[in-house]
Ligand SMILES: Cc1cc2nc3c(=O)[nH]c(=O)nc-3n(C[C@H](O)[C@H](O)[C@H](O)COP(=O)(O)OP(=O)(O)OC[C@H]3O[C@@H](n4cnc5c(N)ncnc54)[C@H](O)[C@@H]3O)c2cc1C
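Listed next as structure tokens is one chain, alone, in the form predicted alone.
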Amino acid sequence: MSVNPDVLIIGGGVVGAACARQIALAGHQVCLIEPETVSGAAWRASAGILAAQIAAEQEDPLFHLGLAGREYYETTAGPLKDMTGIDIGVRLHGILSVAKDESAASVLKDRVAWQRQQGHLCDWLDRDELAEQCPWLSKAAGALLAPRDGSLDPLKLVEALRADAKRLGVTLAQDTITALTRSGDLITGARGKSIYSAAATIVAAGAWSGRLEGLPRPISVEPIRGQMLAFPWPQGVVEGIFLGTDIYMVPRNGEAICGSTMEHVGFQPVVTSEGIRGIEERARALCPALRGVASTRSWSGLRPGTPDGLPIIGAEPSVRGLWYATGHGRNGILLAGITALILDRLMAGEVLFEEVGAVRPERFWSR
């Protein structure tokens, strides 16, 4: 079987699905290819945190992209539900980042001051205010409150993006793509069990992006395993998103989703007793109400990491017809929608954000 769309997207996860929908909205014929077997996909394991402000540092090129990514879901959730009937669960009720000691508090206070100087809503809760508002948390030196950050349901998000993409005429295919196809300096498509030809090919295969044969040069993406677990949401604890030292706690469907590890172990999307034990200990240290509560399930996923922690978005400079939307690491959910907008505009010859320069593919090869 041969498929000949305008745009071929390799990878049916959150970034690929967002790109398929956005590019179809621009009037192109799109084919979105999801692997036949999915084990370890990052979006399936994600907690769905929209932490645009919580972790942002000064001069962080992802800060404004993250804010735009959060806004994307604010404005897109309604239309997606109208068109597909699927509620992606956007809840922008704030995130608390808890400082365990004065050293951590100093870092977070500087972050609050910097964001306020930029005109963004961001607050500091001192030790007493935190204890009064969140008495179920461990004693701490205070907390950064980003009242507009939040979360969504990543499984519902991908379901909705795919459904709306299909409504817009996107062809959804299941195939394990093994290689790109090429004629001279032109990437002509890809092959798996079937042959796919297209004027433009987008690699959005997450941690597996660099495993395609026929890439003009290696892509600096590697898998980073994140292990997760869930507890029943503890009684007496008001639902909220809480971050501590190497731990977060997110409410969803009566559970406390907790994670996550950062492990360079190759393509091994498994859980380990050591990893789960560490998450349990950190979660109970953050929220003592979890002590004595047994976790109910655990899972893991493979994030696509890059050497500098930034995604790879844009055109491959050495050939024609090849584009990248990969390497999002911890920020795949937050940045998926805005990545789709950025790539759609780049393919039309326009630059949507000046920060796009920081995520260009050639940054690893031009040094």
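When you see a residue number, it is the position in the sequence shown, counting from 1. Please read these numbers as outputs of a predicted model, since none were measured by experiment.
From this point on, the text means the form predicted together with the ligand, which you will not see here.
J.: In the predicted complex, does every one of Ile54, Leu144 and Cys287 come within 4.5 Å of the ligand, counting any heavy atom?
T.: Not a single listed residue reaches the ligand in the predicted complex, so no.
J.: Going by heavy atoms within 4.5 Å, which of 85-93, 108-116, 124-132, 175-183 lines up against the ligand in the predicted complex?
T.: Stretch with heavy atoms near the partner: 175-183.
J.: Heavy atom within 4.5 Å of the ligand in the predicted complex: which of Val30, Ile312, Ile342, Ile49?
T.: In short, Ile49.
J.: Quick one: does Ile333 come within 4.5 Å of the ligand in the predicted complex, counting heavy atoms only?
T.: So Ile333 counts as contacting the ligand.
J.: Phe242: heavy atom within 4.5 Å of the ligand in the predicted complex?
T.: No, Phe242 is distant from the partner.
J.: My question is simply whether Leu212 lines the interface with the ligand in the predicted complex - judged by any non-hydrogen atom within 4.5 Å.
T.: Output for Leu212 is yes: heavy atoms within 4.5 Å of the ligand.
J.: Even though the partner isn't displayed, in the predicted complex is Phe231 close enough to the ligand, meaning a heavy atom within 4.5 Å?
T.: Although the ligand is absent here, Phe231 would stay clear of it in the predicted complex, with no heavy atoms inside 4.5 Å.
J.: Heavy atoms within 4.5 Å of the ligand in the predicted complex is the criterion; list the residues of 14-53 that meet it.
T.: Val14, Val15, Gly16, Ile33, Glu34, Pro35, Val38, Ala41, Ala42, Trp43, Ala45, Ser46, Ala47, Gly48, Ile49, in sequence order.
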